[in-house]
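In structure tokens, the next block holds one chain alone, the form predicted alone.
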Amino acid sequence: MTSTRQLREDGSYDVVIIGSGAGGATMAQSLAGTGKSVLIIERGERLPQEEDNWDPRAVFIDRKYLTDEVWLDRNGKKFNPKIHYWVGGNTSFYGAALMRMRKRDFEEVPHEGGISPAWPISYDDLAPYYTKAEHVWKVHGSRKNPESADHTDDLDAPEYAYPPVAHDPDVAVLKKRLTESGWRPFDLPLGVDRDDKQPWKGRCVRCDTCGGFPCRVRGKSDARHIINQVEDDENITLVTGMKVKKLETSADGKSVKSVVCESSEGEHHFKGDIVVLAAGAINSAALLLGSTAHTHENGLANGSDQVGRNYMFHTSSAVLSFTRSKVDAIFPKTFAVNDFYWDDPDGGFDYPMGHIQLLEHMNGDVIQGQLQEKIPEWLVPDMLANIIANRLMAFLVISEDLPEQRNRVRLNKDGKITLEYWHNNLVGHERLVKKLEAKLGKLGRLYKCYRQHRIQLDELLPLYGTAHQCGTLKMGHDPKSSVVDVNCKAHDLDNLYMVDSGVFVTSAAVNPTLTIVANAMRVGEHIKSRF
């Protein structure tokens, strides 16, 4: 256990924040300068800046930075989740794609597989916070280019403060070919400290170890940067190496009176006038389910029996396009396609299909690491893996999975997390994958893609296994069918808030981090009004 400042003897703070990822760090930033005492509790330690940050073997084969926790699937089978417990949470390992959800994503939308329900808040409620989040997280992108206009339906959104990240040579050619074919690829909004015209001004060096890796030079916008900033506030304390085990309530069960933690030094109790839960959709739900009391027999904030339900993490597939010659791209993840977000413009399908974006560069060790659970490393020697990787363009196809009651987080009798999940809404996703494969095949004569291989859902890159988790702490007006209200306060408790992706009503079909940040900013303003 380490702490940035001396912990208070009585353990009492104005605000206690559980988790230092996108939601927790943003909440702390919102409260900085208020003069209120804030304690951030993080189960992990500070991520070291070291050579292994950029070592594919250490990251993907040895899995140095992943937790060794064991969870269970719906059949009781054990697995190691692709979760990182460090200061900054999973943002230190994400691909830095920071996209707004679209206006219609917050409304009720029919899908081929069912209904995507409306949120209790609208896009307009988040719009100013989206803009602020894009500034704080240094999002690079463009809303001016006509061919890029389809990545958002907010025509009044201001231009990004930072220009889009330049495309590597083969990526630029592919984007041009797709545009000429009638598609509208747009510059993928990325959170990096980079100016391609003056690269010496930023930290990002356009390396080939971005998504899935922690950035050794800290050139990627992540929650660690936010934590570093808020630590300058003498009223904010970060304690690491401390896992929250339970939230205890007052005798009447109406408020959280104690945050019970454990570290290598034993058990600790902290008190917060306000407690903010931001441990991630899965772990936040698990903590609430494990915090039982005579007034909350089914777990804390669970009077609706909705805690842990509606788990979503996107329906995703990787499409790998193999080329005849080496791909001239080190940092390929710079454009995306939303032409099929709401329907098939070619006709024949009037339901949402999803989003396509380029994936990060993959070298041989990355490929071996992704395959090692199914294929022994010795069957894919380094030389072969590197030859494959150098002739590979990888795409991620993301479609919305729908909230279902049966898809949920549970705790088994031993307290282990169990993820029960069934895929849904697959027709649009399958159609989108085939659209991409067909397009790349047609471009083969003009470009150098000549064969595609789709990684099936159950073989998806492990990085994304729980990276887009959301939905377990549903936001809503009705306490009988949701966990938190529109201000993300638990319906059942007066002082408990939740600001991770668990409060999402739907998953949409884009990366969730920017929405987590924007919503945490919004909730932070509400909490400050309580002061």
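Being a predicted model, the structure only gives us computed values, none of them experimental. A residue's number is simply how far along the shown sequence it sits, counting from 1.
Absent from the display: the form predicted together with a small molecule. The rest refers to it.
K.L.:
Closest heavy atom of residue 41 to the small molecule in the predicted bound form, within 4.5 Å or not?
P.N.:
Yes.
K.L.:
Please determine whether residue 489 contacts the small molecule in the predicted bound form, using a 4.5 Å cut-off between heavy atoms.
P.N.:
Result no; residue 489 lies far from the small molecule in the predicted bound form.
K.L.:
Does any part of residue 243 reach within 4.5 Å of the small molecule in the predicted bound form? Heavy atoms only, please.
P.N.:
Result yes; residue 243 sits at the interface with the small molecule in the predicted bound form.
K.L.:
Using a 4.5 Å heavy atom cut-off, state whether residue 309 contacts the small molecule in the predicted bound form.
P.N.:
Outside the cut-off, so no.
K.L.:
Taking 85, 88 and 280 together, does each of them reach the small molecule in the predicted bound form with some heavy atom inside 4.5 Å?
P.N.:
Yes, because 85, 88 and 280 each have a heavy atom that approaches the small molecule to within 4.5 Å in the predicted bound form.
K.L.:
Tell me, out of 215, 238, 96, 247, which residue has a non-hydrogen atom within 4.5 angstroms of the small molecule in the predicted bound form.
P.N.:
The option sitting close enough to the partner is 96.
K.L.:
Report the stretch among 489-497, 473-481, 22-30, 50-58 that approaches the small molecule in the predicted bound form to within 4.5 Å, counting heavy atoms only.
P.N.:
Going by heavy atoms within 4.5 Å, the stretch is 22-30.
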